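One chain comes next, on its own, written out as C-alpha cells in the form predicted alone.
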Amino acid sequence: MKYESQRVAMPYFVAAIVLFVAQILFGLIMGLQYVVGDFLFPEIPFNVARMVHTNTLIVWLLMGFMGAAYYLIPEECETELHSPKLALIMFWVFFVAAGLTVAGYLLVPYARLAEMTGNAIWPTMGREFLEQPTITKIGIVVVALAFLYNLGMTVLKGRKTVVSLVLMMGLIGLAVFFLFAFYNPTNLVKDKFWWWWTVHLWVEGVWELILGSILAFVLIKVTGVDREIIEKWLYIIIAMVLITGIIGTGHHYYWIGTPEYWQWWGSIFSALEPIPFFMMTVFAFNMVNKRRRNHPNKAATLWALGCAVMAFLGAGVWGFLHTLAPVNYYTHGTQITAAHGHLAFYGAYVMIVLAIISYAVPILRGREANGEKAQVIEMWSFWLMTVSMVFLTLFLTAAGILQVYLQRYSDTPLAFMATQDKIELFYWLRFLAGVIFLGGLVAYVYSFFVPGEKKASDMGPVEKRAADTDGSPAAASA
C-alpha cells in the first residue's frame, strides 16, 4: 500500500461483501417462492424479497465502486486522499441508511413506509429499482456529493491520469443520472421514459466507464504493461460505450407509447452495444499476453479476465438476443430478460468489484497477495460462481423461450400462470444453481481468512519493486 488514506477503502469493501451475501440469500428466497408459493409467507412476501434483492444489489455495487475509487484515486494521483475522515463518515451514513431502508422493507408494509417517510410531500416511491423512500434518496445524493467532492479535490491536487479521469467521469455521471429518480410524472409514458435515464444510463452507460477504469487499473498492476497502451484501449472502449449506450436507451422505448422511430434507433444502436464489450475482452487478454511480469496475485488476474469475458456474454450476447424490436415484441418482460439481467450484472459489475477487492484487500492487510492455498480457494470460488451463473442463465433462457412460445407465440396461447406451471422444472434448476453460487460466494469470503499469506515485509527487493510499479515506462525501466 503506497498511501495511508487508501485504508478507508476497507470498510467499503467489507460492507459490499456483507450486502452481497444478503442479496444472494434473498435471491434464493425468491427462487424458492417461484415453486413453493407460500414459502416464508406472510413474513417475507415475494414483492418484499424482490425489493431487498434488487436494492441490496445496487447498494453493494455502489459500495464496491466507492471503495475501489478510494483505493485507486490516491495511487493514480500520487497523493493522499483529500479527507479520509469525510470518507469514513459518509461510509457510516450510507451503510446505516441502507440498513434502515432494508429494515423498513421487511418490517413495515410498503404503503405505510411511504406515509412514514413523507412520500406524499415528494412522491418518488413505488417504481422498480427505485423503491427507496424519498428521504433515503436524498441521503444518497448527500453521500454522492461528499464522495465526489473528496475525490475531486484529490484529483485536482495530484497527477492526472486517463484511468482516474475516466473513473471520475463515470462517477459524476452516476450522480447526475440518479437525479432523475426524483422526477415522477403522473403520465405513465413520461414516467417510464425518464425512469430509464437512471436505470439504463447507469448500467449501460456511466457504470461501464467505472468498469473500464477499474479493469484498466487492475491490468496495469498485474501485467506491468505500459500505461500508454492500456490508456489508448480505454479511450476507444469508452467512446464506443457512450455512442452505443446513450442512443441504445431507445430499446426500452419500443412499447411504452413513444414515437415509432425509437424501434429503429433502439434496434440499430442496441445491436452495436456488444462491440465495446468484445473490445474489452480482446483488451484484457492482450494485456495479459503482453505482460512484463507474473504478478503473484493470480486470483485477481483471473477475476479481471473473467469479468471481460462474462460481461461480453451477459451484456453483449444475451443483450443482443432480444434487443431487436421484432424479437423484443415477443420476449419483453419474460424470463429471457431475467437471464440477460443476471448474467450481465454478474459479468460486468459483480466480477469487477470482486476483482478489485481480490487485488486490493491483501495489500491493505500488508501483503502483496494472498497465500497459495487462499488463492486456490478463491479461484475455486471464481469457477463455482461463474459456472453456476452460466447454468442459471441457460435455465432461465430455456424457461423464457418456452414461455414465449406457450404464452405469446402459440396459436392457442396459455394464461400466464398456466405457462408458469409448464416451466416449473427450470425454476427448480435455477434454484439449484443459486445454491451452488452461494457456496462459491462463501468460498470467496473464506479465502481471505486462510492463513499463510506472504507479507510485504517478507518480500525481496525485486518483488517489492514489482509491487510498486504502475506499468508506466519510467517504472518499468527503473
Partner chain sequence: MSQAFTKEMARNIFYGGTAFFFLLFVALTFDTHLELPKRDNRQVLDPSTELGQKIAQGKMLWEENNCLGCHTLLGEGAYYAPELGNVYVRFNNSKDAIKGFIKSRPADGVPGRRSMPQFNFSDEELDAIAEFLKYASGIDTADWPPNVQG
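None of the values given here were measured: they were computed from a predicted structure. Positions refer to the first chain, counted from 1.
Although it is not shown, the form predicted in complex with its partner chain is what the next lines describe.
Scanning Val102, Ile256, Ile138, Ile275 against its partner chain in the predicted bound form with a 4.5 Å heavy atom cut-off leaves one residue, Ile256. Think of it this way: in the predicted bound form, its partner chain has a heavy atom of just one of Ser267, Thr79, Thr281, Asn119 within 4.5 Å, and the residue is Asn119. A residue is said to contact a partner when one of its heavy atoms sits within 4.5 Å of a partner heavy atom; Gln263 meets this definition for its partner chain in the predicted bound form. Interface membership of Val36, defined by any non-hydrogen atom within 4.5 Å of its partner chain in the predicted bound form, is confirmed. Glu131 belongs to the set of residues with a heavy atom inside 4.5 Å of its partner chain in the predicted bound form. Taking non-hydrogen atoms only, Glu368 never approaches its partner chain to within 4.5 angstroms in the predicted bound form.
Partner contact region in the predicted bound form: 106-114, out of 386-394, 106-114, 352-360, 69-77, criterion any non-hydrogen atom within 4.5 Å of its partner chain. Shown without its partner, the chain has Ala415, Phe416, Met417, Gln420, Asp421, Tyr427 in segment 415-434 as residues with a non-hydrogen atom within 4.5 angstroms of its partner chain in the predicted bound form.
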